[in-house]
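Taking the form predicted on its own, here's one chain by itself in structure tokens.
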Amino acid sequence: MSEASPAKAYALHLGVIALLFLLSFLLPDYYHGLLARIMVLAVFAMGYNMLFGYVGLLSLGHAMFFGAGLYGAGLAVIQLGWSVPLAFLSGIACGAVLALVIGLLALRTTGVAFMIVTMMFAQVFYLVILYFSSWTGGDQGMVVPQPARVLTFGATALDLTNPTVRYMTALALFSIVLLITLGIVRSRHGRVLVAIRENEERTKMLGYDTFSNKLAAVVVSGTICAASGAAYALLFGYVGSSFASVQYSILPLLWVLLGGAATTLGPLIGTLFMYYVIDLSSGYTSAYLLIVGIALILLVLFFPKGILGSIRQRWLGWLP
């Protein structure tokens, strides 16, 4: 990388944040709400990318971490009557603890075995939600009441059901996680993670504790996904078991592959692309999945490393 690369990278990321801020004043109401949802789910994809893109570990259990944050925050508000900040922290804590436990167990395996083990844990988590339906709402889920979705700062109260407040809160979460991710990727720990992905045995020979580094990556990844889940529950007011299903673990994988694995902005681009292709095509035909499939095939053919990954490979090598 050139000496100007760090400055370019941070300028690019701050520019994306500034653009998203300006769009809040320009977009119509419908797309305003859609983009807020996309930013929250892009955080989910960023958490997945931390493990899949930079460590090379394919997981099919990340819906479990998203669900831990979702239910950790939702139950704290609905069942315990906690405030929004405490509920959000509760969701993050649930995801972090779960990621630590799962990481200690799942990292005993590698490759396909790791994928299967994470999928099994996710399925167990999903079935636990269904079993305790009196608390979790089971298949039907739960609605977080509007009075509980108010963020208070002294005499100031911010209603998270307000479209503008919801958008800005989603943007704040996205911006913080994006900059944290960029910092991790550019740090010594981030370089070690990439080295593990490329050749774990050689990394061990250089004296690095690969297990500890991978465990840290699992915990950070799970915590970011849990933050996304907690924010989703509080901003959009719904907590449902479908978000914890194994199928929901495939979505962040798809978003990351579309945007570009091991790129910091790839998860946002992939999530944005997928959502808007579905939204626009479904407005013209009921066979919108056919259009989505064709778009994905063309994307894979012409951008085999994802949109941003291919751009980095061909033209802008300094992109993080």
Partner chain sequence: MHFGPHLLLAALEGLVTSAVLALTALGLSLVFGVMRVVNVAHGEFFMLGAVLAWAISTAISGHPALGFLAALVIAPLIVGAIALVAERLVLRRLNYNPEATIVATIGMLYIIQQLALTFYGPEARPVEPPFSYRILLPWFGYSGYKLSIIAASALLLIATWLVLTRTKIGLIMRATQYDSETAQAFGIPVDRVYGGVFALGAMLAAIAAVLIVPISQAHYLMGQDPLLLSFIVVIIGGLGSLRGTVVAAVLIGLSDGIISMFFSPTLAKIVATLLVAMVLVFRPQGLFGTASR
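What we label the rigid core is the largest C-alpha set whose atoms superpose within 1.5 Å from one form to the other. Small disclaimer: the values here were computed from a predicted structure and weren't measured. Numbering follows the first chain given and starts at 1.
One more form of this protein, predicted together with its partner chain, exists but is not displayed; see below.
Asks: Residue-level question: is residue 292 within 4.5 Å of its partner chain in the predicted complex, judged on heavy atoms?
Replies: Residue 292: contacts its partner chain in the predicted complex.
Asks: May I ask you to check whether residue 128 falls inside a 4.5 Å heavy atom distance of its partner chain in the predicted complex?
Replies: Contact check for residue 128: yes, within 4.5 Å of its partner chain in the predicted complex.
Asks: In the predicted complex, does residue 119 have a heavy atom within 4.5 Å of its partner chain?
Replies: Looking in the predicted complex, residue contacts with its partner chain include residue 119, since a heavy atom lies within 4.5 Å.
Asks: Taking its partner chain as it sits in the predicted complex, is residue 111 near enough to touch it, meaning that at least one heavy atom pair lies within 4.5 angstroms?
Replies: Taking the distances in the predicted complex, the answer for residue 111 is yes, it comes within 4.5 Å of its partner chain.
Asks: Out of the stretches listed (182-190, 198-206, 219-227, 103-111), which one is close to its partner chain in the predicted complex, meaning heavy atoms within 4.5 Å?
Replies: That would be stretch 103-111.
Asks: Heavy atom within 4.5 Å of its partner chain in the predicted complex: which of 253, 34, 272, 278?
Replies: When its partner chain is considered in the predicted complex, the option within 4.5 Å is 253.
Asks: Could you run down 205-221 and flag each residue that has a heavy atom within 4.5 Å of its partner chain in the predicted complex?
Replies: Nothing in this stretch is in contact.
Asks: Superpose on the rigid core, then tell me if the C-alpha of residue 304 is displaced by 2 angstroms or more between the shown form and the other one.
Replies: Moves: yes, 2 Å or greater.
Asks: So the Cα-Cα distance between residue 11 and residue 302 shifts by 3 Å or more in the predicted complex; is it shorter or longer than what we see here?
Replies: Farther: residue 11 and residue 302 separate by 3 Å or more in the predicted complex.
Asks: Are residue 301 and residue 311 closer or farther apart at their Cα atoms in the predicted complex than shown, with the shift being 3 Å or more?
Replies: Relative to this form, farther apart in the predicted complex.
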